[in-house]
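In the structure tokens that follow, the same protein chain appears in two forms, which are kept apart as structure 1 and structure 2.
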Structure 1
Amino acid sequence: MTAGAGGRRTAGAGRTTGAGRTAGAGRTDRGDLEALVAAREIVVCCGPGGVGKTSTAAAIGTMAALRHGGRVLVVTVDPARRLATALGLSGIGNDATVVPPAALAGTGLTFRGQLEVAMLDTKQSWDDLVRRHAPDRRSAEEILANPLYENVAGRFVQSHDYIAAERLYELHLQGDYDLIVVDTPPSRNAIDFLEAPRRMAEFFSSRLLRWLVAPYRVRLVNLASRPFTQVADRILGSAFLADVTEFFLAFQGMYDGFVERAAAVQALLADPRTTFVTVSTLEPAARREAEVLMSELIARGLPLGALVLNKVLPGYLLDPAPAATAERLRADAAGVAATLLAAGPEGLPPDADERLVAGVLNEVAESYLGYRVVARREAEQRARLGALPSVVVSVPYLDQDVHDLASLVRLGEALFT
């Protein structure tokens, strides 16, 4: 392999040592996410929409760069603007940006390695792909200039999902990174990402495509089809049909390359150097989708490494003792307020009368019991989870958005603990 791959091996060994040192502190109930990450070259964060995939990917990358060293790349898809700014991402672009060590200011931490981030640029990635597969520069430019190209690249084969996997393949092949953490697109369905390479291969080897191209070939040699084309163009407007056929014809020489490439992308996703981290919350819909996703991963022979249950309420809400206290407070807020005031009003505002204090106590108790109801529902959802990967990590609902390095470290410490 390349010199880069050699570098990866050396740095990778260092990372494993780093993880080994902290593994004792970082146990979950079943396994250890930190050790899993240290042992792999690619981490794919997948899961239902809005559960925290982007935050988790960024946090895993941050922790790896902090604790394990080496060159770590996080490929994000759609980070929230504040997070993108905090990471130094100036905008969309396939080029990686180094997260400046100064971004850790205030955390008291320093990177052992280097953290880099890139934001997936679907259009640019498609253009690169076309340039790579086209037989020559002119053919490539012809395709890129065809008005249909953007349409096809944008819609035909779940391009966003495919291009994320394709980009990952390219980066891994370059061998510059010890660890690549990939965030997956907010698909309607998380399985789309897994399906994308196979669909891409199928599309480019499909009869449909060959059939679409065929009339144009025939047309070139058989002028009899010309009137049809002209009529079709008149009905569909402009040179629509000509554009379509020319486009597919130009693409023709590239089919085999695309099919081969999509197969290689698929193989990398299934490689033991890769691990999938499924992220979910314990909301019923998300939990169900995550479960389907995990069984699909297993069914497809893809290496499911961990389940991250994000935004989970703290376990103490399930304890009966504080719940009983909250019940008691709610049942007799007035009585407790009276006792409190009778014991001496020190620490309370001068206008705090019995009614006011009782109102606050009642509100606090209600709120506690409300959270307890949600925590119980979460526990039920958790109990319903069937076959689980060997690493399952619960991450608490933080009291603020994950929008800077400090909050990524907080999230990351929960993930690696």
Structure 2
Amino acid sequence: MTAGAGGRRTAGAGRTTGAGRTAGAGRTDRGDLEALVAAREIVVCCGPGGVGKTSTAAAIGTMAALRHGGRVLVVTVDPARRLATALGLSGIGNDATVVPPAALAGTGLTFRGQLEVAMLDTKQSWDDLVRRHAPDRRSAEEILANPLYENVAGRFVQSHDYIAAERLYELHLQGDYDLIVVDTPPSRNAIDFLEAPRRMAEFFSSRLLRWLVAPYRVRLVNLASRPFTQVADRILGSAFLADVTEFFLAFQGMYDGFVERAAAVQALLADPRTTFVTVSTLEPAARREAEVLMSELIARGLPLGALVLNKVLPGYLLDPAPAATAERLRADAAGVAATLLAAGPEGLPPDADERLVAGVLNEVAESYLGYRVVARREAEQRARLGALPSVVVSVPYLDQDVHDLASLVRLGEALFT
């Protein structure tokens, strides 16, 4: 990758895919997830809740640090603290934490690059934003000391979603990382995450805000605003209104900056260096949410790069040869049972009941054929969903939950190979 507008380093320019081919910016030579990730600077993982999105984001970051080199950051804006557990860390916070190479002990693997993780702290991020962009130190301290600030920083105008997008922009602008992988909240909130910069810009540009603040700024209330303020005084109290007004007056020096930054954040999300990876399962509710989310991304002109489908039945269930064997077994379970008992294979007791053996064989055949029906249905659903993104990856059921770095690597290998 070449250096970006934020002074991004060129450390990733020579990194190669698993096949040994360099992935050029903006294209994927092999049409797979690894090549897509290698060609981008930001990967935003989004999708329904409970589908393995956090684990997928962590696995993508882990594999990038293992194979591609450079500095990789995985940051979660999901309030659920699952990322630390998945990476085998005791806890993570707003500041990036380096995953020690020793965490790979026993896997036989080593990081080519450096893996770091962070989790968004909304209040700390807002404090940092105010100190960084207030016109002077006095204005910053007035905002931070306002009685409403703590509440506002947690609830005001989708502050969590906006500050998450703002933090992503700041991290990218610093140019310290070759790849940033973002784990968003579940899909409905993920759309809020996408909308937050635009809504913040609209709010700070709104006539309502200017109408509210202007009368107090000139220390008079005109006839048009007096009925509103009289009612508000009775309901909320004049002290509350004064605190609100003082807060927005202190913020006024940052209005233009907020509007400009919000526009820059929107531009970053739509930049070709960014890609969105939608994560889902083929369960009906999750599938519908994922389909809606991908359509929303496309409608907003955002770069939908890949769809990851977790817990998908294995492809061999679609192979006609094993299916034909299962059909024959189901049709002649009694004959197969008699043949087995006559041959006396190891593991079968000499007095085994032929009917019981036939029943077991019939159950195995029925089960296989039943799974085959589900697998064919999944293949049809996969084909329909796969019409939207350029890359579709199916991850089968794993033999154990993702709970540490070693299991993350196993998931990552399934994603990348």
Ligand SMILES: Nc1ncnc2c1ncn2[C@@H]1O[C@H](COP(=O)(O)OP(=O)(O)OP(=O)(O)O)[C@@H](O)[C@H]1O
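Reference numbering: structure 1, starting with residue 1. Owing to the predicted nature of the structure, the values given are computational and were not obtained by experimental measurement. Take the two forms, superpose them, and find the largest set of C-alpha atoms that agree within 1.5 Å; that set is the rigid core.
Problem - Structure number of the form predicted alone - result: Answer to the question: structure 2 is the form predicted alone, whereas structure 1 comes from elsewhere.
Practice task
Tell me, please, whether between structures 1 and 2 the C-alpha of Arg300 is shifted by 2 Å or more, with the rigid core used for superposition.
Solution key: False for Arg300: its C-alpha shift is below 2 Å.
Practice task
State yes or no: after fitting on the rigid core, is the Cα displacement of Thr339 between structures 1 and 2 at least 2 Å?
Solution key: Where the cores coincide, Thr339 still shows a C-alpha shift between structures 1 and 2 that is 2 Å or more.
Exercise for the section: For Leu268, state whether the C-alpha moves by 2 Å or more between structures 1 and 2 after rigid core superposition. Expected result: False for Leu268: its C-alpha shift is below 2 Å.
Handout entry: between structures 1 and 2, how far the Cα of Val357 shifts once the core is aligned, in Å
Key = The alpha-carbon displacement, core-superposed, is 9.1 Å.
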